[in-house]
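Only one chain is included here, represented as structure tokens and corresponding to the form predicted on its own.
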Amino acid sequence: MTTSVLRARGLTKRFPGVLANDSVDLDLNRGEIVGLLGENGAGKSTLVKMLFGVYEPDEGTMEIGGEPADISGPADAIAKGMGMVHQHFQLVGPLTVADNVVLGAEPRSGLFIDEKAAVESVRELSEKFGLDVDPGAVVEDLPVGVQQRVEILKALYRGADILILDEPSAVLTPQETDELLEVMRGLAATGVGIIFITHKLREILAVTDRVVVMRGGAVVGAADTAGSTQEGLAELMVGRPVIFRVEKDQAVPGPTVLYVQGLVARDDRDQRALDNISLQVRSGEIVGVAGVEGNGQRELVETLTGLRRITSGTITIDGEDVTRASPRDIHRLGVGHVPEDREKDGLVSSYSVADNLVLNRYFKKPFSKSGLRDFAAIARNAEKLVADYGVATPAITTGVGTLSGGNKQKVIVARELSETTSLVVASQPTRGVDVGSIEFIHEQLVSARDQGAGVLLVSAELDEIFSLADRIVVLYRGRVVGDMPAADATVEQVGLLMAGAVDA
């Protein structure tokens, strides 16, 4: 017999000009994992924010444990046994795991915090739920996957038997994602009900019991996972069939556009991150860089785009030495850059969509005349790119920070690929976006290749590397340990190279 822990009926939320949620129903039982699927902007985040008390519904009712629940804020939701793990972690880096977990609800001995009790509580929770975390470790020193476990422990410490996970795998490596799925299974086995938001259909099929699909703010389908397929779920999400196979012709590589020789660079902690890297990218080919995150990919991209100083080595683009060049000088050579962190490095959230579409060219004609901005030209450019790249936005004057993740990514791709480019450096270009946007972004990268650009694709997703790349380079501990035609590579071979288990 199933026991309902959460029941929502007719939840509706309106914002100016937008019906974000339209009479949404949702049920969650004890020990059940329900997947919440939908495109960027489908209304998933609005729904869970209403459940957690961040937003107040305009209409609808909720029950928790069979009792009517009027949740007026997150503190109220937590008191009723609900916890939420956000995509962007809410942790204090310099504090220990135990300090972060008990923060705001510290055990006390008289007037003082009982540190020993805090550590013991975290250790007991960690063991009970199979979350392997050292209570005394400093959070900022932990891998991202372990930091996420700390977030889950925070919710469990406060007595959560309903857990909302909002895009929990968006910042994880494939290995960390697999570990997360195991953690979720373990939590469900203890009776915790989980709402799991993700764009990744493999994860939904691997771990959930039921799937609820949203589109345009409404529920358009629900099914038991056991009877579902990737193709069927994807079509429900986007309203049309989705092609999971990347359609592309055989590459016809031309002259070398990027030549890297003996590159050495240090990371933010002044440790050697790139160790004598040499590689090249030719026009008309996509070179995929595979590797477990933290093996030099970020530093490689930043050195190639002028964002990080180089200790030694050379970088040549179209025959020109850019080893010490600025980002603007590199862009002038026709280099497009899709950054790993769209919020930090790709967009200015407070600027409009139109302004973000000219961030890399606002100072050039036709967008600037005699040092003054030409607002009409900027608007014409935005209208064209919004249409060409399918950016869903109320208006070009809308603040880009209000768009969904997939549409933010489309703004960046439109800006970086709409100019004539000789080289595209794309780092995690589809991270945190839905299947429809992934399909579109893949098409744009292949189109750039077919128009003669060289493409350097850095991705933590092996499926993406194998789908797009004509040649695969593998990084391990800041070194190139493999360089091979994609047609000759296997997932097993690349996986072993990524793990440092075999020699180059």
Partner chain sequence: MKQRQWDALRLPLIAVALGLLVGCILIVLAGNNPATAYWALVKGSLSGVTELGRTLDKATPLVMGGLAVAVAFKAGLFNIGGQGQLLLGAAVAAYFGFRFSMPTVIHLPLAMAMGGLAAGLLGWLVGVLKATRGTHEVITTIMLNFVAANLTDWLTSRDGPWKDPESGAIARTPLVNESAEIPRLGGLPTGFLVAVLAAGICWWVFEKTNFGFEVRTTGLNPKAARYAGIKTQRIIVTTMVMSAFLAGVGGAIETQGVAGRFQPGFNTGLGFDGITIALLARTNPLAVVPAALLIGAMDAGSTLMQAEADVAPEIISVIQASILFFIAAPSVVRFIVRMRSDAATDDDMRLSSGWGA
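Note that the structure is predicted; figures quoted are calculated from it, not measured. Numbering follows the first chain given and starts at 1.
In what follows, reference is made to the form predicted in complex with its partner chain, a form of this protein that is not presented.
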| item | value |
| --- | --- |
| In the predicted complex, the residue from S72, S312, Q271, T420 that sits within 4.5 Å of its partner chain by heavy atoms | S72 |
| Its partner chain: the contacting residue among K384, R373, R282, R202 in the predicted complex [heavy atom, 4.5 Å] | R373 |
| Candidate stretches 233 to 241, 325 to 333, 92 to 100, 253 to 261 - the one whose heavy atoms come within 4.5 Å of its partner chain in the predicted complex | 325 to 333 |
| E120 within 4.5 Å of its partner chain in the predicted complex, heavy atoms | no |
| Distance check, D345 to its partner chain in the predicted complex, heavy atom within 4.5 Å | yes |
| F129 within 4.5 Å of its partner chain in the predicted complex, heavy atoms | no |
| Partner contact for G41 in the predicted complex: its partner chain, 4.5 angstroms, heavy atom | no |
| In the predicted complex: members of 47 to 80 within 4.5 Å of its partner chain, any heavy atom | G53, V54, Y55, E56, S72 |
